[in-house]
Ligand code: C5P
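Have a look below at one chain only, the form predicted on its own, in structure tokens format.
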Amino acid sequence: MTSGPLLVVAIDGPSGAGKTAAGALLAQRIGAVLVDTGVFYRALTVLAMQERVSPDDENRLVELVPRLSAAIRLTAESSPSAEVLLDGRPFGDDIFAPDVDARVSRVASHRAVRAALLDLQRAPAEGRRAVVTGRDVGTVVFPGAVVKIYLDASIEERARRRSRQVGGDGIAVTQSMTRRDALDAGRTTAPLVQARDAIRLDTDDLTVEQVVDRLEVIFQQRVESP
């Protein structure tokens, strides 16, 4: 049995930079499983809300982690992706609710929580080619990733994208994302930073397809070139 991932493409960056959309399309193109590490923190946040556990209660949050599991599923495009289960059932769209958005950064800020979720985040890539997206993939989750990308965009562009995605007032979305950026970059445990060996790509003026075209070229140069 193969031990560890066959190959990981790590894509990090702030909220709204295009990680999930670009990662999903890239995974389809290169025949990889898609793993969004942020989904694990969101799932834990939903479970904590159901159990009335404060997002600031590190010990109780860690106690909830064993109730979660990871699974591989096929999307409508027959592309494999990772999802988080509770008692064998997927969480669904609950993990993207506004009240989850308001709490997930606090949940993810705890050192013990991040450590407890690492095995779950790594499991879907076991023995597979994987595209893994998040905020500390290239620095913590898969520091040995063969390809590391840091996607970025201006706060204005990221807020526009998120407003189109979830609706809401643009100013409020910008303020929320600015707070999230500060929390993610300022936490002492696994802060949002560009890995030293990551390639930075600004996505402000690029479509998703253009971003993925560039990522595929980088992948081919790093992995498939003799």
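Since the model is a prediction, treat every value here as computed from it, not as a measurement. A residue's number is simply how far along the shown sequence it sits, counting from 1.
Not on display, but discussed next: the form predicted together with cytidine-5'-monophosphate (C5P).
Comment: 182 to 190 is the region of 182 to 190, 195 to 203, 24 to 32, 52 to 60 lying near cytidine-5'-monophosphate (C5P) in the predicted bound form, near meaning a non-hydrogen atom within 4.5 Å.
Taking the partner from the other structure, cytidine-5'-monophosphate (C5P) in the predicted bound form has a heavy atom within 4.5 Å of a heavy atom of Val104. By the criterion of a heavy atom within 4.5 Å, Ala108 is counted among the residues contacting cytidine-5'-monophosphate (C5P) in the predicted bound form. Contact check for Arg42: a heavy atom falls within 4.5 Å of cytidine-5'-monophosphate (C5P) in the predicted bound form.
Shown alone here, Asp136 lies within 4.5 Å of cytidine-5'-monophosphate (C5P) in the predicted bound form, counting heavy atoms only. Contacts of stretch 18 to 48 with cytidine-5'-monophosphate (C5P) in the predicted bound form, defined by any heavy atom lying within 4.5 Å, are made by Lys19, Asp36, Thr37, Gly38, Tyr41, Arg42, listed in sequence order.
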